[in-house]
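First structure 1, then structure 2: two forms of the same chain, each alone, as structure tokens.
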Structure 1
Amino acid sequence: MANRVKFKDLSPEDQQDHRDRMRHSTAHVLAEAVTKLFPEAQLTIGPPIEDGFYYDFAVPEPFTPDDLKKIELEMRGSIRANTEFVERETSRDEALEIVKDNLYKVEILEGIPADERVTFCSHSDGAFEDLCRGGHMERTGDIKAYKLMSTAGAYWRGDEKNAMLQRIYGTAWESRDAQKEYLKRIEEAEKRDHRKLGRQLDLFFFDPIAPASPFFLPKGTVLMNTLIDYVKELYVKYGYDEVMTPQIFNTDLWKKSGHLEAYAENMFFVNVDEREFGVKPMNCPAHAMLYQANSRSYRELPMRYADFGRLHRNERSGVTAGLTRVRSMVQDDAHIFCTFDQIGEEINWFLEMLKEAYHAIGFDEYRIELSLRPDKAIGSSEMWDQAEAILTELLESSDYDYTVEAGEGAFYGPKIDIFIPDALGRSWQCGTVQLDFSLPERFDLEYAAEDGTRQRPVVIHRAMYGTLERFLGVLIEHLAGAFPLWMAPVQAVVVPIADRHNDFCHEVGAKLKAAGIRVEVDDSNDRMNNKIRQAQLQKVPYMLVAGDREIESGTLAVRTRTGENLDPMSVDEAVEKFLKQIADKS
């Protein structure tokens, strides 16, 4: 191929297309290698994905890491041979005859209209061919860099009722350098892993004694509390009242709320005196009870009840992951009770607060999803139609970009979810607004309207961070553990250069502490260099060094964790500087 355009000169769309075709082509080469080494393997599908591709095989035995090496070796041969990818078309029925021994391919073909043509692709002169949708490179040699990454079980067609296939994940790039860069990126991301940083920074840990339930050390607790305190500030501004509610409730409550019907498998139950109680996985039923504690008037609405109560969800084993998916959690949860007419305004009011909070914390990139009714839903279809229409219209008339996800709603209502990516690019649902017509119905909630009639309020479930554990996990990865001053568990470390400076440094520490700054004095036996290093590793924003010169002039040598040395300043100046920066959240 002469005149071939260089990859870097392609438009972004063409680059993506190039990568997709190459990755899909690599999947073909993989499929051939697997077929050679494991003749009994049945091929299913092998699409390109972000950063790579996968191929699902039906095999009697799962692949071992050793198999992967052999397969990779086999693939190398095909790529060296640099054979041509050739597509050929057949009728669907002809194709059915060819793949008749492979029930997965048969199932795929059966989903295609009988009069449609289908393609087979070969890259080894017909010795091996695979039914596929097409989109390949010209020759196997066009695959410039590839690597098999991992294996995993995956259900056929993503349904756990179906057979489990063996998936091989791989990556493929237009050049060795691009692949190197990618592998480097993964390595860098692993360094930011919040589980690793949680240990290194003494924030939290896990123990099998309480699976998937973090133990927060003092520094991690500071972070959680800082996040909570900030929300509480916003709650004052945005008109929320905080409430506290019990931890366990008689099962009657969960029957009434519908949780027993739709959420029981995720709940913990305890039996006391032959009565059964459920540990709360959500706050909403308790808040419905608070609403009912008085007869309500339209004048009280909207009513916004916030609750930082601890929730427990019995997540299936195998789905939990560090802080991002836990069994014991706190949410910045609140329920808004309002009239039907107030829905739009309330949701917008909430989104405004969310925007403010995310911006302050430094999350300016997030993804929005509108999730519609799931299979396991309670409430009438009229209620769902109406609720879905309201959220759709609201997003349509907003500036937000969003995607629609059918079947992803909560069991009691549709929702708008906010997703934030972690270090590895996996995105996590954090913020959420959920519209619920069902809870008011089930608890028979009412308010006296202006005209004296009794009306049914609407409930909006909403959270900005969502689960704080998860939010913190994602936040740690975003910041690589280097928290801005207002969040940092230790905001400054005072470093005496020698023992004789300890007293002075303790005085400095005491002054900072009195000003409300989280400060530590490192009066250990170490050399100053090591004290700096320790503070640096702990990602402490400021290091305040004091030796003879500083005591003499009554100042502090200020070093930032970015390695910068600021002009010497007095303790008072330092306090002022820090307090301002904390107040500005900068």
Structure 2
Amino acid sequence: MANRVKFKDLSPEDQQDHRDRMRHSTAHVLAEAVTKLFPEAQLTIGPPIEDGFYYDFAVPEPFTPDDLKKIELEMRGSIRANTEFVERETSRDEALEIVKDNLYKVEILEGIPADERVTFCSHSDGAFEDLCRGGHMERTGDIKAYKLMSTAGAYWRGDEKNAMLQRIYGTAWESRDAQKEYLKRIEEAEKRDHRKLGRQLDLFFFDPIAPASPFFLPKGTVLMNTLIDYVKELYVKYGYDEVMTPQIFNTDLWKKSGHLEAYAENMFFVNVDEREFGVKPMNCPAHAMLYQANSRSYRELPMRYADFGRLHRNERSGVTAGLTRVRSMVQDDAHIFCTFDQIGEEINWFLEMLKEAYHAIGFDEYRIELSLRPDKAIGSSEMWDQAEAILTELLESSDYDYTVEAGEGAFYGPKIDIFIPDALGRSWQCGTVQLDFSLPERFDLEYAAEDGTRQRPVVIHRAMYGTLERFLGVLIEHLAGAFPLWMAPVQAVVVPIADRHNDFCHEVGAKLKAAGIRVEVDDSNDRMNNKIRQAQLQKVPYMLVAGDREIESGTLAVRTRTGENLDPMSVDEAVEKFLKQIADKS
């Protein structure tokens, strides 16, 4: 490290730069080891990524776990040799001559202007050299801790029309302690994997018959409906009207909205009566149709339309991942039609609602990102300049800390994205509020202003939790499946100690159910301790145990899923406790 400054004393930006250079350097060492052990391998690209790096190779056969062990061992020798990383510049034409036998490197170079110089980097005293953009450690010995994690198939340049390559993922850190901490987080993440817990807790499953589209079991459906019901409560409080709109529309609508131009590759299309229809990936054009159905006056604005209609997006199979990236989804989606002067108040009002919604789930800390004009933007530059200025001014005048991301806006307008951190420190984008001047223009939306003129409304797209399937996946991993009482699919299990206690326990269950509590009675032949253990594995918040003593005293022994024993309670006391906890969403 330059001037031997300790890693912990570097600024966050310099720490990230150090890790990126180290991980890129480790990718070079990996590439060298692979070419030594597998001379037929062709090199492609090997960038640093979050928490690690990868390198894609063109090889005749996939790598095996034993191959990874051999490659790691080979890398160790190169790192111990502590040779210097040496970068050299050359012309593009000279570089093409050097890599002429590697079609992948040739394709990379052909995408570079002819007059631009390119960089090669070597180590191992020049025995290995690779085309790259630069950015390395001084020596191979500066790589302090590394590990190869896994292999996977990957299409060249992420396009399924291209050749399938073999990708090796690895991680590298500034110290062994930092790497151990990271590997612990990975181990914990595997335990919390929502796909595993979804099966274990009987929440949902996936099947190839409907790729990337979850089947929700009864308990998972309770979770989804509980989320939706809570959002509906907020809609009543914050003045939203719920609507329902069709699933498919003639492509004329998608042409008008701009989706056919900017989003067609992510849509599903069907033919009906020799006409082409698009399955809706978003609700916004349908809500424009609702607005357009009647003449509108300034007195009606703002109009807030909320829609829980199912959406479908043609996500690539390579990017779908459990609930966090699906093709069939529901969003807590709404569109606000308002006047220009109402924009600031409406966005602040939404951010207040979002704050309340996140607090109910336990996410009191989140970060905000302002996303600006992307390459595939529709609408005039003037519209974009105006929309970006409004959101910037709104955030500047508020107490919110935020960062700016160029090129990450929606194709129809800039947006404010809300990111929540989970229990493992990972960040997830869930909420969003997006300003849109283009949709009213495209649909010729108007309202009668107070002075009698016809004016354009502004459209605000917004969601709090976003895609509910995705949010549920994040929540499962954040809570490790242990939902708060108000959300838990089963809120209590009544446990009879012996068969003679079954009737009493069923009476208790009936009283709890009549009070609106989701309850089960475990009258199986298992022993009491095993019944309690099973309830804990299912993450049930409370176990209510009854035997001779409890029946005689008219109480229940109460145990929590964490193993805590509470004071005995009567059925009425248990109902009162549970209902208060549910109402408080504590």
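Values in this document were obtained by computation on a predicted structure and should not be read as measured data. All residue numbers here follow the sequence of structure 1, with the first residue given the number 1. The term rigid core refers to the maximal set of C-alpha atoms that superpose within 1.5 Å between the two forms.
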Inset, instruction - Compare the two displayed forms of this chain and pick out the form predicted on its own. - result: 2
Inset, instruction - Answer yes if residue 305 and residue 536 are in one rigid part between structure 1 and structure 2, otherwise no. - result: yes
Legend entry - Estimated from C-alpha overlays, the smaller rigid part's rotation between structure 1 and structure 2 in whole degrees: 22
Inset, instruction - Would you mind giving the Cα movement of residue 90 between structure 1 and structure 2 in Å, after fitting on the rigid core? - result: 14.3
Legend entry - Core-fitted comparison between structure 1 and structure 2 - CA shift at residue 74, Å: 3.7
